[in-house]
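Below you'll find only one chain, the form predicted alone, shown as structure tokens.
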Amino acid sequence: MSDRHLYVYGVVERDEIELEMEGVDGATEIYSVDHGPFSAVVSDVETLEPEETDENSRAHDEVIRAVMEGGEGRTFVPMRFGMVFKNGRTLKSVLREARPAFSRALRDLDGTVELGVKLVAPEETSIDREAVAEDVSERLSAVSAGEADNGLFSDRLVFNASYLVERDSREAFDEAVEGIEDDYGDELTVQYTGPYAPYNFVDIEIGAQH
């Protein structure tokens, strides 16, 4: 590849990662670039601005999921779509400058996954939305390490939140969701999704140094 740049999916604690799977822009190999205590998960790309197509977005998410599920389950600090570095030198420079932030994020996210819960109402319903949302939030907060409100962007949404859940508490969280389905499933649709990379619980802003 004549103009090889590095597309970055995220950062894990230092670990040798080699995956043969499709990455962004048709990449066929996923590997790690190490610096200090971190490994950035990358693939090669020829452009500094890959197009955010459905195919590329899906590849981005699938690589992250594969890395998270590898080994005994890795803690992963995800990057948003489109993070490209001109070469390994610029990437390592950012890993060095952002070392405190990455260390803090990996520590805060250690052993956790992100899960999503939505409750959707039919177009006409007499349910007390506020009371339901309060009840659901209390139940799920009791078995999670963090909660992020994702907003009611549709009139049919009664509840929409993401949760940071410790892997050891996953069964308890599953049971809490099952209880919610038992109590509200006749009137509302419960959408339970994940695990995802913990985008809603990471607050690191870095710039790709083209």
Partner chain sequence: MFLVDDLLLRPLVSLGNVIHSMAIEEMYDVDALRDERKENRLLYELGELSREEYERRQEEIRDQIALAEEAREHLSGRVEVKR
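In this text, all values refer to a predicted model and were calculated from it rather than measured experimentally. Residue numbers count along the first chain shown, from 1.
Although not depicted, the form predicted in complex with the partner chain is the subject of the following passage.
Enquirer: With the distance limit set at 4.5 angstroms and only heavy atoms considered, check whether 51, 54 and 153 all reach the partner chain in the model of the complex.
Expert: The answer is yes: all three residues contact the partner (heavy atom, 4.5 Å cut-off).
Enquirer: Within 4.5 angstroms, counting heavy atoms, which one of the listed stretches 39-47, 153-161, 169-177, 22-30 is next to the partner chain in the model of the complex?
Expert: This holds for exactly one stretch, 153-161.
Enquirer: Please run the contact check for residue 120 against the partner chain in the model of the complex: heavy atoms, 4.5 angstroms, yes or no?
Expert: Yes - in the model of the complex, heavy atoms of residue 120 and the partner chain come within 4.5 Å of each other.
Enquirer: Though only this chain appears here, would residue 189 touch the partner chain in the model of the complex if you measure heavy atom gaps against 4.5 Å?
Expert: Yes, residue 189 lies within 4.5 Å of the partner chain in the model of the complex.
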